[in-house]
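Next up is one chain by itself, shown in C-alpha coordinates, the form predicted alone.
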(Lines give C-alpha, C1' and ligand atoms only; values in the text may rest on other atoms or scores of the structure.)
Protein backbone atom coordinates (compact mmCIF):
# COMPACT_ATOMS: atom_id res chain seq x y z
CA UNK A 1 0.00 0.00 0.00
CA UNK A 2 1.22 3.56 -0.69
CA UNK A 3 1.95 5.95 2.15
CA UNK A 4 -0.88 8.19 3.35
CA UNK A 5 1.43 10.35 5.49
CA UNK A 6 5.03 11.35 4.94
CA UNK A 7 7.02 13.39 7.47
CA UNK A 8 10.59 14.31 6.58
CA UNK A 9 13.06 16.23 8.73
CA UNK A 10 10.40 18.22 10.55
CA UNK A 11 11.54 20.85 13.03
CA UNK A 12 9.25 23.02 15.15
CA UNK A 13 10.49 25.51 17.73
CA UNK A 14 8.39 27.91 19.76
CA UNK A 15 8.96 31.53 20.72
CA UNK A 16 10.18 30.60 24.21
CA UNK A 17 13.01 28.60 22.68
CA UNK A 18 11.46 25.17 23.21
CA UNK A 19 12.28 22.82 20.35
CA UNK A 20 9.22 20.58 20.17
CA UNK A 21 10.43 18.58 17.15
CA UNK A 22 13.75 18.29 15.39
CA UNK A 23 14.61 16.03 12.48
CA UNK A 24 11.42 14.04 12.84
CA UNK A 25 10.95 11.56 10.01
CA UNK A 26 8.32 8.87 9.59
CA UNK A 27 5.74 7.55 7.15
CA UNK A 28 2.38 5.87 7.59
CA UNK A 29 0.91 3.35 5.19
CA UNK A 30 -2.58 4.05 3.88
CA UNK A 31 -5.30 2.23 5.80
CA UNK A 32 -3.11 1.48 8.80
CA UNK A 33 -3.17 2.59 12.43
CA UNK A 34 -0.02 4.43 13.51
CA UNK A 35 0.57 5.22 17.18
CA UNK A 36 2.80 7.95 18.57
CA UNK A 37 3.94 7.17 22.11
CA UNK A 38 6.47 8.83 24.36
CA UNK A 39 6.94 10.96 27.47
CA UNK A 40 5.38 14.39 27.84
CA UNK A 41 7.21 17.04 25.86
CA UNK A 42 8.35 14.81 23.02
CA UNK A 43 6.25 16.61 20.40
CA UNK A 44 3.47 14.08 19.81
CA UNK A 45 0.65 16.61 19.88
CA UNK A 46 2.71 19.17 17.95
CA UNK A 47 3.22 16.64 15.17
CA UNK A 48 -0.49 15.81 15.13
CA UNK A 49 -1.37 19.49 14.89
CA UNK A 50 1.02 19.89 11.96
CA UNK A 51 -0.62 16.95 10.16
CA UNK A 52 -4.04 18.50 10.84
CA UNK A 53 -2.94 21.82 9.34
CA UNK A 54 -3.32 23.61 12.71
CA UNK A 55 0.42 24.36 12.88
CA UNK A 56 3.32 24.44 10.44
CA UNK A 57 6.91 23.18 10.68
CA UNK A 58 9.84 25.60 10.72
CA UNK A 59 11.80 23.16 8.56
CA UNK A 60 11.15 19.89 6.80
CA UNK A 61 7.89 18.67 5.31
CA UNK A 62 4.75 16.91 6.52
CA UNK A 63 2.23 15.85 3.90
CA UNK A 64 -1.01 13.86 3.74
CA UNK A 65 -1.54 12.26 0.34
CA UNK A 66 -5.08 12.25 -1.06
CA UNK A 67 -6.72 9.09 -2.29
CA UNK A 68 -6.36 8.92 -6.07
CA UNK A 69 -9.20 10.71 -7.84
CA UNK A 70 -10.64 12.29 -4.67
CA UNK A 71 -8.96 15.71 -4.72
CA UNK A 72 -7.30 17.16 -1.62
CA UNK A 73 -6.86 14.83 1.34
CA UNK A 74 -9.61 15.06 3.95
CA UNK A 75 -8.23 15.09 7.50
CA UNK A 76 -10.20 15.18 10.77
CA UNK A 77 -8.99 15.40 14.36
CA UNK A 78 -10.48 14.49 17.74
CA UNK A 79 -8.96 15.78 20.95
CA UNK A 80 -8.66 14.46 24.51
CA UNK A 81 -11.77 16.41 25.50
CA UNK A 82 -14.91 15.90 23.37
CA UNK A 83 -15.38 19.70 23.06
CA UNK A 84 -19.08 19.41 22.36
CA UNK A 85 -21.31 22.48 22.39
CA UNK A 86 -23.48 21.93 25.49
CA UNK A 87 -26.57 23.66 24.07
CA UNK A 88 -26.63 21.52 20.93
CA UNK A 89 -28.01 17.99 20.73
CA UNK A 90 -25.82 15.06 19.77
CA UNK A 91 -27.18 15.28 16.22
CA UNK A 92 -26.52 19.03 16.00
CA UNK A 93 -22.99 18.60 17.36
CA UNK A 94 -22.15 15.92 14.81
CA UNK A 95 -23.68 17.95 11.99
CA UNK A 96 -21.71 21.10 12.88
CA UNK A 97 -18.81 20.58 10.40
CA UNK A 98 -21.32 20.10 7.59
CA UNK A 99 -23.25 23.16 8.71
CA UNK A 100 -20.06 25.22 8.61
CA UNK A 101 -19.41 23.82 5.13
CA UNK A 102 -22.93 25.02 4.14
CA UNK A 103 -24.19 21.55 3.28
CA UNK A 104 -27.94 21.22 2.75
CA UNK A 105 -29.79 20.63 6.04
CA UNK A 106 -31.39 17.37 4.96
CA UNK A 107 -28.05 15.99 3.81
CA UNK A 108 -26.16 17.01 6.94
CA UNK A 109 -28.86 15.60 9.22
CA UNK A 110 -28.89 12.29 7.34
CA UNK A 111 -25.12 12.02 7.48
CA UNK A 112 -24.96 13.00 11.16
CA UNK A 113 -27.64 10.45 12.01
CA UNK A 114 -25.75 7.76 10.08
CA UNK A 115 -22.51 8.56 11.94
CA UNK A 116 -24.22 8.40 15.33
CA UNK A 117 -25.62 5.01 14.38
CA UNK A 118 -22.17 3.88 13.25
CA UNK A 119 -20.65 4.68 16.66
CA UNK A 120 -23.49 2.95 18.51
CA UNK A 121 -25.57 6.00 19.45
CA UNK A 122 -28.60 5.50 17.26
CA UNK A 123 -31.56 6.85 19.23
CA UNK A 124 -29.46 9.41 21.16
CA UNK A 125 -29.75 12.11 18.50
CA UNK A 126 -31.76 14.53 20.66
CA UNK A 127 -29.76 14.15 23.88
CA UNK A 128 -27.65 17.06 25.07
CA UNK A 129 -24.00 16.44 26.07
CA UNK A 130 -24.91 16.83 29.75
CA UNK A 131 -27.25 13.85 29.42
CA UNK A 132 -24.52 11.56 28.09
CA UNK A 133 -21.79 9.60 29.85
CA UNK A 134 -18.13 10.40 29.21
CA UNK A 135 -17.80 7.47 26.83
CA UNK A 136 -20.94 8.50 24.96
CA UNK A 137 -19.70 12.08 24.63
CA UNK A 138 -16.46 10.79 23.14
CA UNK A 139 -18.44 8.67 20.68
CA UNK A 140 -20.27 11.84 19.60
CA UNK A 141 -16.90 13.58 19.12
CA UNK A 142 -15.68 10.69 16.98
CA UNK A 143 -18.90 10.76 14.95
CA UNK A 144 -18.38 14.49 14.40
CA UNK A 145 -14.83 13.83 13.19
CA UNK A 146 -16.11 11.15 10.81
CA UNK A 147 -19.07 13.07 9.36
CA UNK A 148 -16.85 14.77 6.76
CA UNK A 149 -15.75 11.31 5.55
CA UNK A 150 -12.04 11.83 6.27
CA UNK A 151 -9.32 9.83 4.63
CA UNK A 152 -7.12 10.37 7.70
CA UNK A 153 -8.37 10.46 11.31
CA UNK A 154 -6.06 12.02 13.92
CA UNK A 155 -6.74 11.16 17.58
CA UNK A 156 -4.98 13.15 20.31
CA UNK A 157 -5.25 10.91 23.37
CA UNK A 158 -9.04 10.87 23.11
CA UNK A 159 -9.71 8.19 25.74
CA UNK A 160 -7.28 9.26 28.47
CA UNK A 161 -9.96 10.41 30.93
CA UNK A 162 -12.16 7.32 30.59
CA UNK A 163 -12.34 4.18 32.70
CA UNK A 164 -10.44 1.17 31.42
CA UNK A 165 -13.46 -0.84 30.27
CA UNK A 166 -14.88 2.09 28.27
CA UNK A 167 -11.42 2.79 26.88
CA UNK A 168 -11.09 -0.79 25.62
CA UNK A 169 -14.53 -0.55 24.01
CA UNK A 170 -13.60 2.65 22.18
CA UNK A 171 -10.25 1.22 21.09
CA UNK A 172 -12.16 -1.62 19.44
CA UNK A 173 -14.65 0.86 17.97
CA UNK A 174 -11.86 2.83 16.28
CA UNK A 175 -10.35 -0.35 14.87
CA UNK A 176 -13.76 -1.40 13.51
CA UNK A 177 -14.40 2.00 11.95
CA UNK A 178 -10.95 2.01 10.38
CA UNK A 179 -11.74 -1.32 8.72
CA UNK A 180 -15.25 -0.34 7.63
CA UNK A 181 -14.37 3.13 6.33
CA UNK A 182 -10.89 2.43 4.99
CA UNK A 183 -9.29 5.28 6.91
CA UNK A 184 -5.73 5.85 8.00
CA UNK A 185 -5.58 6.54 11.75
CA UNK A 186 -2.84 8.28 13.75
CA UNK A 187 -3.26 7.97 17.51
CA UNK A 188 -1.36 9.83 20.23
CA UNK A 189 -1.44 8.06 23.59
CA UNK A 190 0.43 7.80 26.88
CA UNK A 191 -1.05 4.34 27.52
CA UNK A 192 1.50 1.64 26.69
CA UNK A 193 -1.05 -1.17 26.48
CA UNK A 194 -3.24 0.93 24.16
CA UNK A 195 -0.27 1.64 21.88
CA UNK A 196 0.62 -2.05 21.70
CA UNK A 197 -2.99 -3.09 21.05
CA UNK A 198 -3.94 -0.45 18.50
CA UNK A 199 -0.84 0.08 16.42
CA UNK A 200 -0.01 -1.57 13.14
CA UNK A 201 3.11 0.53 13.57
CA UNK A 202 4.24 2.18 16.82
CA UNK A 203 6.59 5.18 16.80
CA UNK A 204 8.50 5.73 20.04
CA UNK A 205 9.41 9.38 20.53
CA UNK A 206 12.01 10.96 22.82
CA UNK A 207 12.03 14.52 24.18
CA UNK A 208 14.46 17.46 24.18
CA UNK A 209 14.08 17.75 21.25
CA UNK A 210 11.14 15.63 20.16
CA UNK A 211 12.08 12.98 17.64
CA UNK A 212 11.35 9.39 16.63
CA UNK A 213 13.88 6.95 18.08
CA UNK A 214 12.22 3.66 17.22
CA UNK A 215 9.51 2.35 14.90
CA UNK A 216 8.26 -1.21 15.15
CA UNK A 217 5.31 -3.42 14.29
CA UNK A 218 3.59 -5.37 17.09
CA UNK A 219 2.48 -7.82 14.39
CA UNK A 220 -0.99 -8.61 15.73
CA UNK A 221 -3.76 -9.63 13.37
CA UNK A 222 -7.04 -10.04 15.23
CA UNK A 223 -7.40 -7.78 18.26
CA UNK A 224 -9.74 -8.94 21.02
CA UNK A 225 -9.90 -9.63 24.75
CA UNK A 226 -7.99 -12.86 24.32
CA UNK A 227 -5.07 -10.98 22.79
CA UNK A 228 -4.90 -8.58 25.74
CA UNK A 229 -4.57 -11.59 28.09
CA UNK A 230 -1.95 -13.42 26.02
CA UNK A 231 1.77 -13.84 26.83
CA UNK A 232 2.55 -12.51 23.35
CA UNK A 233 0.77 -9.25 24.12
CA UNK A 234 2.53 -8.98 27.49
CA UNK A 235 5.88 -9.43 25.74
CA UNK A 236 5.15 -6.60 23.28
CA UNK A 237 4.07 -4.32 26.15
CA UNK A 238 7.29 -5.12 28.04
CA UNK A 239 9.34 -4.40 24.91
CA UNK A 240 7.54 -1.09 24.45
CA UNK A 241 8.10 -0.14 28.09
CA UNK A 242 11.81 -0.81 27.67
CA UNK A 243 11.88 1.32 24.53
CA UNK A 244 10.19 4.20 26.36
CA UNK A 245 12.66 3.97 29.21
CA UNK A 246 15.47 4.12 26.68
CA UNK A 247 13.83 7.05 24.90
CA UNK A 248 14.47 9.23 27.93
CA UNK A 249 18.20 8.64 27.48
CA UNK A 250 18.31 8.56 23.67
CA UNK A 251 20.98 10.53 21.82
CA UNK A 252 19.37 12.91 19.29
CA UNK A 253 19.04 11.35 15.87
CA UNK A 254 17.43 12.16 12.57
CA UNK A 255 14.48 9.84 12.88
CA UNK A 256 13.22 6.51 11.70
CA UNK A 257 11.33 5.81 8.51
CA UNK A 258 8.34 3.54 8.80
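Computed from a predicted model, the values in this text were never measured in an experiment. The term rigid core refers to the most C-alpha atoms you can superpose between the two forms while keeping them within 1.5 Å. Residue numbers count along the first chain shown, from 1.
In what follows, reference is made to the form predicted in complex with another copy of the chain, a form of this protein that is not presented.
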How about residue 172: is it within 4.5 Å of another copy of the chain in the predicted bound form, going by heavy atoms? no
Check residue 191 for me: does it contact another copy of the chain in the predicted bound form (non-hydrogen atoms, 4.5 angstroms)? yes
4.5 angstroms heavy atom contact with another copy of the chain in the predicted bound form for residue 13: no
Another copy of the chain contact in the predicted bound form: residue 127, any heavy atom under 4.5 Å: yes
Contacts with another copy of the chain in the predicted bound form - residues in 17-43 whose heavy atoms fall within 4.5 Å: 18, 38, 39, 40, 41
For residue 152, is the CA shift between this form and the one not shown at least 2 Å following rigid-core superposition? no
Sense of the change in Cα distance from residue 120 to residue 163 in the predicted bound form - at least 3 Å versus the shown form: closer
Do residue 179 and residue 136 move together or apart in the predicted bound form, judged by C-alpha distance changing 3 Å or more? farther
